[in-house]
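Take a look at this one chain, the form predicted on its own, written out in structure tokens.
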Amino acid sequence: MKAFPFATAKKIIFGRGSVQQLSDELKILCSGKIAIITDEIISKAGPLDTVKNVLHGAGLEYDIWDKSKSEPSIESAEAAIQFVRDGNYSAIVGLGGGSVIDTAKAVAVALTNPGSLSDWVKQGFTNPLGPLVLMPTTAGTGSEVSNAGVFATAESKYALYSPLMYPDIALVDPDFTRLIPAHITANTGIDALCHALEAYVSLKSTTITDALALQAMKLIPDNLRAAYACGDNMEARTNMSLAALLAGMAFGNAGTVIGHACGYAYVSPSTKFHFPHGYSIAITMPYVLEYNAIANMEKHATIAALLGESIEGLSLRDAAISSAIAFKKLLADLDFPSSIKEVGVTKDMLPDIAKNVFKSTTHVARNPRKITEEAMVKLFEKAYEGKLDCE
């Protein structure tokens, strides 16, 4: 076995009610005023009130910036950076979904580094983050334990990667997810599943990331369906928060593959789609699984079984390809569209979308099967019709 690294948040606190530990942790990290990065939805909801009460009860001073946007643009993140630079803050708390968490990471970079986000996505940064606590309110992105943030422009999506991007503390309180609407539960939960299964088949996977990804995939299918069907099911919500955390640690080290590249490919000047992150990846994932299956049949057969497909008596090849069928069944139960034509994609867009996959060079490099432009066009043609070869 070759040597390999593994990195994640410096400290993870998980469990219902764990928000009550926030003030004690912040007192260890810093001694000054705290900037809370969130969005307008969370600002009007229970999680922020809970955090404010905890900080107020401990006598900690804080200000709130609640202008984070879904699928954050570089410009919106720069606005948060300017807010923090105009103040005198000693720590950052990110409270929200993946978009908020990514914005909070960029803000923590700004506490200790010169320059702008536009500079950092191209050239990186050199100084460790300022003190950072990340608190997700959805069960999906795993961004609280990853080393990346994703930001959009009109032309493309850009990822800010750095080994310095891990937070001091990932504080995951599943109670924060109770009020998440069903469609967001589905979009974020399917994102967690895609993180797990892509990390599992990545060429950068290791024994540690495999263990994390496998456990996440064991938890997600039944619990995501249950949480989607009944948002008050806190056992399912808790299991989904744990699964998202595990999947985040897996892909934070092994990376994701062309499932994510295909999701990013819808954003371009010619298409101008801006789907929610998990949604954009999920609608093409059955076709990615079918394409990749022959490159690692054993792992894809395992994915199929974990997603609930009966593989007994099937050849290894057929078992592997049935992972695509299993994923498509889950999408149906979560009321996702059955084809990309249903979300506004037209046939004339397919060649450009297929080309856009290659912009995500790191995802392409980690993919278990080599890809070609012709293969990607065929993949999106299947997604357009909503028909797998194996059906």
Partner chain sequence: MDTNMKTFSFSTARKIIFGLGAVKQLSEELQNLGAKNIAIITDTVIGQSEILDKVVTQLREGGFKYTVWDKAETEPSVAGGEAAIEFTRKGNFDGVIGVGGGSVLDNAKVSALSITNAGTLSDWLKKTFQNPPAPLVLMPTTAGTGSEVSNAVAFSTPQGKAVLFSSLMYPSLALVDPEFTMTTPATVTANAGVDTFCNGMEAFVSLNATPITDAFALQTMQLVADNLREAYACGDNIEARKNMSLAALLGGLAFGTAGTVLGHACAYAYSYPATSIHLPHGYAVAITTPYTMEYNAIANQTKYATIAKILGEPVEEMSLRDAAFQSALSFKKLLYDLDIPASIRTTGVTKDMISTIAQNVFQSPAHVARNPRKVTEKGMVRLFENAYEGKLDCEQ
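Residue numbers count along the first chain shown, from 1. Quick caveat: nothing in here was measured; it's all calculated off a predicted structure.
The form predicted in complex with the partner chain exists for this protein as well; it is not shown, and the discussion that follows is about that form.
A heavy atom within 4.5 Å of the partner chain in the model of the complex is found for one listed residue only; from D86, D222, E235, E298, this is E235. Interface residue among T302, T185, S205, N239, judged by heavy atoms within 4.5 Å of the partner chain in the model of the complex: N239. In short, of 209-217, 272-280, 259-267, 98-106 it is 209-217 that has heavy atoms within 4.5 Å of the partner chain in the model of the complex. Using a 4.5 Å cutoff between non-hydrogen atoms, S23 does not count as a contact of the partner chain in the model of the complex. Among heavy atoms of L245, some come within 4.5 Å of the partner chain in the model of the complex. In the model of the complex, no heavy atom of K370 sits within 4.5 Å of the partner chain. At least one heavy atom of K11 is located within 4.5 Å of the partner chain in the model of the complex.
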